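This document starts with one chain, in the form predicted alone, laid out as structure tokens.
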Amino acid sequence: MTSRFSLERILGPDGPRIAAAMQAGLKFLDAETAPGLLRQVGRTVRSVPAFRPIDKSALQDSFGGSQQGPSDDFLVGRGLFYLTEQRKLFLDCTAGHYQMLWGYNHPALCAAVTAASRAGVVWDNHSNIPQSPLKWLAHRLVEFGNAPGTTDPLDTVHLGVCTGSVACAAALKIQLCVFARTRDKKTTPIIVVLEGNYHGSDMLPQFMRGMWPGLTPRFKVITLQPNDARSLEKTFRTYGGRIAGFWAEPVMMNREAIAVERDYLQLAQQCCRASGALMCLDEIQTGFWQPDVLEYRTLGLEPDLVVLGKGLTAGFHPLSGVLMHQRDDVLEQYDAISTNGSAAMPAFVALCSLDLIQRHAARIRALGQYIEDGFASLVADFPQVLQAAHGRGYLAGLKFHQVEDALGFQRRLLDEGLWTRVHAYHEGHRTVLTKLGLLADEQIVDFLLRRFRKLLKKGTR
């Protein structure tokens, strides 16, 4: 059975106008060079015809369902740039929702998907019969996950999950199941986490950050401040064998891009090994934005569990996973699974993306340092407004002294066509965040820093 589909018909009564605007938008983005696009960031592109955007009234309120007036959402994107429905050109400084590793519709990856589809790679299939790309991806992740000569390598990957939230929940279940198998059944397990942890939207990880009071499962959570070695040692000294697991994100993008220090994480690893706890590093944010692919490798760590997601498939169809030891493979087949986990085409895209990272490792390393140095220079030049530069490499944040300044600065960045995020929804949070895609170069970073400097000189509010 064949049917003829068209964007014009599928998008409803205004589909023809929307499709025409999208086509014109892509033509504009494809015709311009990066310097040409940078010169026009923040402007309205008149060559794209105006149209009436589809309203958001059918969406939930938390995603704009009650928004009044015409929307100005995403129209089309290419690389690090995108156009809005009101035809304004933006430089995306956060890689979408922190997942667009190589920007929007990377031409080599799109071409690879087309070629793979023609060759017989499917987008999805039953997880019991994984296609070749998924099986080879597991081998490659094991390869990238272990330093040469590792005596106790991570040798197993759970790839049956679609999103990072499900992967985090799977890792937590592994910690609790291993604890139950090896400890007294009457002992309540303890999970040690860092204040400001995220680890997804599943109910169990959300419980670890204080949500759902009164609906708590049978384990206890102890929350520590990141990089406070004294509290970490005291906690493990006090509770020892009652601790089932320790969790950390190497860079805490849900807490102002705080970088968890190498020495602190190495101490946590020592404490876990001494107590029998399983150390889990959540690399959903940091993974694949690294020349070494996974940041724990750069930090010289050997965790027991590593959660993977977001950048793994470069923003194409999502796929996530848990890297672990075979001895900790304790979950039954349907204990932690997504219908769209184990999908073949996303695995193929991930393999292509890993190849790109290897080919560009030197440039990725150099630009990560360039971003760090650039943000540090802003703090040095504007100490009356900026408190600190946070993050590591591509994951970067600017912390302001005053929350009103952080909010005002981010609003002005949006006016200038720079899509960033701001952490100001918890007491003490006042940090503007960026996470450039790996297509970025010094020209992009210099442009970003110049715009930051211009606005900081003018004032933030």
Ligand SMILES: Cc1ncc(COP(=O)(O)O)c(C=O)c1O
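Predicted, not measured: the structure shown is a model, and the values here were computed from it. The numbering used is simple: start at 1 and walk along the sequence shown.
There is another form of this protein, the form predicted together with the named molecule, and it is not shown here; the text below is about that form.
A.B. asks: Of these, T163, S275, Q131, T298, which has a heavy atom no more than 4.5 Å from the named molecule in the model of the complex?
C.D. replies: Selected residue: T163.
A.B. asks: Could you tell me which one of K310, H106, H390, H158 places a heavy atom within 4.5 Å of the named molecule in the model of the complex?
C.D. replies: So the residue touching the named molecule in the model of the complex, by this definition, is K310.
A.B. asks: Has each of T94, F375 and A396 got a heavy atom lying within 4.5 angstroms of the named molecule in the model of the complex?
C.D. replies: Looking in the model of the complex, the three residues T94, F375 and A396 all stay beyond 4.5 Å of the named molecule (heavy atoms).
A.B. asks: Please pick out the stretch from 135 to 143, 249 to 257, 377 to 385, 353 to 361 that is in contact with the named molecule in the model of the complex, where contact means heavy atoms within 4.5 Å.
C.D. replies: Checking each option against the 4.5 Å cut-off leaves 249 to 257.
A.B. asks: Though only this chain appears here, would A171 touch the named molecule in the model of the complex if you measure heavy atom gaps against 4.5 Å?
C.D. replies: Because no heavy atom of A171 falls inside 4.5 Å of the named molecule in the model of the complex, the answer is no.
A.B. asks: Does D282 make contact with the named molecule in the model of the complex, using a 4.5 Å heavy atom cut-off?
C.D. replies: Looking in the model of the complex, residue contacts with the named molecule include D282, since a heavy atom lies within 4.5 Å.
A.B. asks: Examine G321 and determine whether its closest non-hydrogen atom to the named molecule in the model of the complex is within 4.5 angstroms.
C.D. replies: Residue-level check for G321: no, no contact with the named molecule.
A.B. asks: Indicate whether the named molecule has at least one heavy atom within 4.5 Å of a heavy atom of G200 in the model of the complex.
C.D. replies: Taking the distances in the model of the complex, the answer for G200 is yes, it comes within 4.5 Å of the named molecule.
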